[in-house]
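Heads up, the chain below is alone and in the form predicted on its own; it's given as structure tokens.
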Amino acid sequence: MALPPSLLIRTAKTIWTTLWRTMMAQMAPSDKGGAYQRPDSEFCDRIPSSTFPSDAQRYRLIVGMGCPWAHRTLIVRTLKGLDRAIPITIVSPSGNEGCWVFDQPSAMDSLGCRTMPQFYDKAQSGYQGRATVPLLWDTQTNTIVNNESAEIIEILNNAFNDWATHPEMNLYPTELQPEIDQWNKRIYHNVNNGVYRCGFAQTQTAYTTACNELFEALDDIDTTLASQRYLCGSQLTLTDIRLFTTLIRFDVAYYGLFKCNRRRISDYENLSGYVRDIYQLPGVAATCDVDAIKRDYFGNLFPLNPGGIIPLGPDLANLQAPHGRASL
């Protein structure tokens, strides 16, 4: 005999809610109010240092193409012209295994690693933390130098100028650092991590707070960009790169999957032109793998999209349209 619909619904909701909270607790830890709490990075060494001197071909950058935090490092690497000095290794998320997996196992054969948790354990035996990307790895000592994207992009900006094609490009100039740091603080909490605070919120109150703070920040940034080309004026800086990698994913993933659907970035006149401006800088478009972004978010975040259906849109052909921001 078939179960009555009401009983079936109540049973399914109870089972799914229990499983959802269990998976979310592992994927996205929250505070008592249900607000997402991103864990801190654990490897924070710098280059150059007595342990890690500046050297071409010694370090390798491990990235996931769908990850916005890893995307920052790829853009700075490209803009500085460090493609030969800093090789990359690409990993992809496995929805079944719940971790990053090396796309080319042969690149890590010498270490016997197929997954990022195995790789972290090789670098630090017994490691129990999150096996995240991006990661800057020292190939001489088989040691993780740094896995904090905000610090890796500063390293790439200034530590390898002897081998950079564009050593004159400084994305973190001394005179702008106070302003850059101020923008970074707000953008990280309200936008970069703000979209995750929306998508991973486990209560309505936590979601509402995160969503309001996200769009208040976007509205303010759009107003700022009405009168200047970049966040700190006429010069591109690291804070623009940090913002861009969230914005390029916004209409593709965060708007729908993370419930950031009050407005799209394409609905903002200045923000949308700003995204096109940065996208059209030499080499940046090649770092933007939209198929990987959709596949990684919709295909692998099972608690948010159990069916695994990947949307066909949006159409991003307008990223190549004139941005008209050079006059600013």
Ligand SMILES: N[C@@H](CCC(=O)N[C@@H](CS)C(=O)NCC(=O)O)C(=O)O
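Given the structure is predicted, the values throughout are model-derived calculations rather than measurements. Numbers follow the displayed sequence, beginning with 1.
Keep in mind that the form predicted in complex with this ligand is missing from the display, and what follows is about it.
A heavy atom within 4.5 Å of this ligand in the predicted bound form is found for one listed residue only; from W163, Y127, Y196, F215, this is Y196. Checked against this ligand in the predicted bound form, the residues M169, A131, A123, I180 give one hit for a heavy atom within 4.5 Å, which is A131. Shown here without its partner, the chain carries R38, C67 and E148, all of which come within 4.5 Å of this ligand in the predicted bound form through at least one heavy atom. Not displayed here, this ligand is kept clear of Y255 by more than 4.5 Å at the level of heavy atoms in the predicted bound form.
This ligand in the predicted bound form comes within 4.5 Å of no heavy atom belonging to W137. Although the partner is absent here, F250 lies well away from this ligand in the predicted bound form, with no heavy atom inside 4.5 Å. Although the partner is absent here, F102 is not a contact residue: none of its heavy atoms lies within 4.5 angstroms of this ligand in the predicted bound form. The stretch from 68-76, 201-209, 172-180, 221-229 that comes within 4.5 Å of this ligand in the predicted bound form, counting heavy atoms only, is 68-76.
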